[in-house]
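Below sits a lone chain in structure tokens, taken as the form predicted on its own.
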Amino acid sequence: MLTGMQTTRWHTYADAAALEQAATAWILEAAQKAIDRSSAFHLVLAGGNTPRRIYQALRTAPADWARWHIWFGDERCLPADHPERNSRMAADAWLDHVAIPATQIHVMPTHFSTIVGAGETARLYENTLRGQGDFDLVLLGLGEDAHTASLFPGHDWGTSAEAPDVLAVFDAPKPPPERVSLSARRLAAAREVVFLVSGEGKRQAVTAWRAGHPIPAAAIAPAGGVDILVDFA
């Protein structure tokens, strides 16, 4: 169920390279605005394959890394060094190569899920988030089934005012079945929300989104609207 109307701004690029260049510039501009405003930049990372080259491009960017704070929109319940973890991809592509203090990279502790379960892991990350205000920028992707983060069709997306900040997912339709995700409500608590959508396989999901269908991506409804970067018309 969607509890708020989402305002969308669509930005179309000629190809994936142009989208990646625009997204990299967008992140750096958002960082500078946040640092000028509050001396810190709080960024939520998207997982999956689409942002990988964007993160790689950030390696060589001129940035005040000591002021960056990194959060994750979702994570798979896998061992800490598993290559399919979003945090592992981000570390390999970018975070291990820049001087962001380790205490400011807030990895979801889903590697503990085999011991304490996804539910307790979600509560641990909710504790980490406690006291954190609105994010400056949230990056999100889009699956071919229109999921975003680990909010899948037919599941609870956490849209209500009473929804927790972090959700445990036990039966995801794609492996692994156990995951942890920020709720739609918490993802929307941001100054800017940007979706990165690349590849022809996403066309059907985008068509459904534009048609106003109640898909997970449409459940992220910040007051300032969302910007959607796509590399096809």
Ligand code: 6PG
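Quick caveat, the model's predicted, so the values are computed rather than measured. Numbers follow the displayed sequence, beginning with 1.
The same protein has a further form, the form predicted together with the named molecule, not shown here; the description that follows concerns it.
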Self-check item: Segment assignment from 156-164, 69-77, 121-129, 97-105: heavy atom within 4.5 Å of the named molecule in the predicted complex
Solution: 69-77
Exercise. Please run the contact check for residue 86 against the named molecule in the predicted complex: heavy atoms, 4.5 angstroms, yes or no?
Key: yes
Quiz item: in the predicted complex, does residue 142 have a heavy atom within 4.5 Å of the named molecule?
Solution: yes
Quiz item: Is residue 148 close enough to the named molecule in the predicted complex to count, meaning some heavy atom within 4.5 Å?
Solution: yes
Quiz item: Within a 4.5 Å heavy atom cut-off, is residue 183 in contact with the named molecule in the predicted complex?
Solution: no
Quiz prompt | Contacts with the named molecule in the predicted complex - residues in 178-202 whose heavy atoms fall within 4.5 Å | solution = 179, 202
